[in-house]
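Okay, so here's just one chain, in structure tokens, the form predicted on its own.
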């Protein structure tokens, strides 16, 4: 793009203003409509470090103000923001549909947008109650502790959920704000206009609820060096990132060197083990479940089932044949962007080069839009075990691989060789015929995943307090936290503070003898209680 092209403003320090452009690199960009490969208007800026520096200074000042405000004010902002998103539904859906190719209805308008506003309202409730802070009181020792806000939070949003995981609308954003922190959002380059609309609505909600206007700031794109510098800056409390493994690990290395927390969601092949008795009992239903899950959203879910584990025999052959027929009969969906299209093709080729057999598809490009043919690959348990790292290459999109093991022992060995994943699923017979082998498979699978499922595909991620959307590396950067589920997601953006022999009047509200709400749960002298001390 021309360096003289006029670009959209950034939101920094409570003002919409022209970006300070990164003139050393390409300094403006446009999103692509994946349905026709055409560049979209408007033009967006690639910010220089000057924008980051000013945003960090403003966020630090906003953080100092937020620390002194009652939780009710922050909760009111989250609810006002949710209301404004509902009112801006048509505009948001139209922008996201253009930029991502995701269906306006039901995906964006009827599923993802309501989920997004629900998350924000749940975050408001968690903020207001204070339960998430785990206030702990040892009255005899005179020691009290709770989680408190951490500081400015950087959020890098993904390409596949422009609303529910967006940098200025999604779960990381909601959790960071509810914990009392300002957010600097780095838009995903696939949907900058959508993110800008969220920023506009957030800014209006900040003004309406009288919160510091630098509580929410927006930068669209940075060069890699500035992104790494941003997450490592002393003014940053922590970072939430969802995206590719390569970019995420580069940010993690920078943050780790500076001792800064960073919570990553990177990649996951989400193994599904189908035990022999389940296929005998209800093979057709399982095949239908799998095809629906694997091709939903063109496979562009972080929990899409990428690897299916089975034991050899007629039922495994039937599964491969039926899935292949369904894949060939289904029109390939539109992928999110040219980058996703390129990455999917590369992932399929890597698996084929490693020795995976092509059953159907091959990832051939579809003319005129971001799309590739529905692809099914197959390999044996023995081949997989000869090079498990390569066979776990993520082919993000409408591609899947069946691993056919010689027996349950080899299937378990394949599971033992897996990297960490967000999810793992086991289909087993209802008549008890798989009960003898289920414990062996589950025992191997549980340490490898953040969420284990029985008899259902993993694609859906419920916004539930009990949900874990996380897992061992490389599915995430830390196995002890979830990116979905409130209030469980909030402590990522908080620090535990202990008050030892601090005079009662100087204690935070949550740690004083009187319960501040009358209903907040606190751990008092070894018992969870809503009572006063």
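Numbering follows the first chain given and starts at 1. This structure is a prediction, so every number in the text was calculated from the model and none was measured.
Another form, the form predicted together with another copy of the chain, is not on view; read the next lines as being about it.
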Looking at another copy of the chain in the predicted bound form, is some heavy atom of each of 145, 438 and 462 within 4.5 Å of it?
-> yes
Which one of these stretches, 481-489, 36-44, 23-31, 51-59, sits within 4.5 Å of another copy of the chain in the predicted bound form when only heavy atoms are counted?
-> 481-489
Note: exactly one of 106, 368, 246, 259 sits with a heavy atom within 4.5 Å of another copy of the chain in the predicted bound form, namely 259
Residue (of 159, 410, 267, 136) lying close to another copy of the chain in the predicted bound form, criterion heavy atoms within 4.5 Å | 136
Answer with yes or no whether residue 263 is in contact with another copy of the chain in the predicted bound form, where contact means some heavy atom within 4.5 Å.
-> yes
So, in the predicted bound form, is residue 451 in contact with another copy of the chain at a 4.5 angstroms heavy atom limit?
-> yes
Is there a heavy atom of residue 456 lying 4.5 Å or less from a heavy atom of another copy of the chain in the predicted bound form?
-> yes
Counting only non-hydrogen atoms and a 4.5 angstroms cut-off, does residue 325 reach another copy of the chain in the predicted bound form?
-> no
